[in-house]
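Shown here is one chain on its own, the form predicted on its own, set out as structure tokens.
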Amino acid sequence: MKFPHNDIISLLDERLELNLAESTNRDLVLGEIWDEAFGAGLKALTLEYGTSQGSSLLRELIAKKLQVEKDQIVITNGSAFGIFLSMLCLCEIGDEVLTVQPNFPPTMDLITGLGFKRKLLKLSFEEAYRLDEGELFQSISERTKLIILVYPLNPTGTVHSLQKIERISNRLSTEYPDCKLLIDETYRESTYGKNRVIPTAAGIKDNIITIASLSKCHGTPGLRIGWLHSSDGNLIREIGIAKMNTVISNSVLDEYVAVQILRREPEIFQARRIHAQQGLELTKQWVEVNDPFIEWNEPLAGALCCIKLKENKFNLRQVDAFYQLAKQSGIQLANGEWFGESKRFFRLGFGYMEIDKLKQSLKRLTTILQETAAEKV
């Protein structure tokens, strides 16, 4: 079995000066959480194996914020590994995994790479990427063992209501009791300023699995720390066994740092949410200025949004020219094809760079839009 190639790998391997492609909040620098106690704990840390389920203290802190039991949590190598383990433990060859499109590429490609049947429910820009429950259930069959929904959605910042998730869960329990519902909450806590944090789906129903990580909202993707929650004790045991047989355990060094981050979470979130609010306001202004060329659906959470190049201004040749000129200008963009959209769409991250660099990037992008559009305005 092979995983399909996707050019999103360039986000790791080809980093341009002005990175509008990244969807994380501003990167955390270790010095922001370093103090005497942190250093002393680090010096005393024994570099032994971790446990299959993950650090007890780390799970306790996560359980407290989710208001669930710590024994219902497994620490994973980022949220993507939580998806991997869920598929591995719930599905057999020939089973179906259903998810939405657009979506984070590894979520879609893992299904194929692991040898399961992939079903994609296409969401549309014109309908603000809202999920139609009727269409979802038309796509489910007796072979569907896992449904993956993203809340908020990458790359659009769309949010499904918790009530909708609960309705879907209830109907699955009745009509497809062998099918689990996985909610990817990676961007859930990435909000703007003092906006209300989206509530978690963890613990509301036994057939719901939730995953999240410290990567996006906390700005620490280099730690590779995520978590999976399920109130199904048998599944949690199976996940722990599968984790041991694939990666053995998480890095105890990463887990130690993760504990310190969660202990300082309020101050980390405050700084990043203010920064994301500033980035969103700048992006709103930029969209208004460039209304002749582009459209968007304003995001509800996550330091990211989806931009569409208007058909009446950009044919396919001009879309290619737009990306080429952006790259030549040192601007990194997340091509819509990465996520299952067309090139006419791109993900724009507004929470990653410092504000001055974001202003510079958006100003430069305005010039590129004007230079590559069919008609000059």
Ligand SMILES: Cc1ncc(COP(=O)(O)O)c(C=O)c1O
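Only a predicted model underlies this, so the values are computations on that prediction, with no experimental measurement involved. The first residue of the sequence shown is number 1, and the count goes up from there.
Quick note: we don't show the form predicted together with the ligand, though the next part is all about it.
The listed set I183, A80, V257, L123 contains one residue whose heavy atoms approach the ligand in the predicted complex to within 4.5 Å, identified as A80. A heavy atom within 4.5 Å of the ligand in the predicted complex is found for one listed residue only; from K205, R118, R171, R224, this is R224. For N25, no non-hydrogen atom is located within 4.5 Å of the ligand in the predicted complex, even though that partner is not displayed. Though the partner is left out of this view, V150 does reach within 4.5 Å of the ligand in the predicted complex, counting heavy atoms only. Using a 4.5 angstroms limit between non-hydrogen atoms, S213 touches the ligand in the predicted complex. By the criterion of a heavy atom within 4.5 Å, F84 is excluded from the residues contacting the ligand in the predicted complex.
Stretch-level contact analysis of 214-222, 280-288, 188-196, 267-275 against the ligand in the predicted complex, using heavy atoms and a 4.5 Å limit, identifies 214-222. Using a 4.5 Å cut-off on any heavy atom, the one residue of 85-117 that reaches the ligand in the predicted complex is F104.
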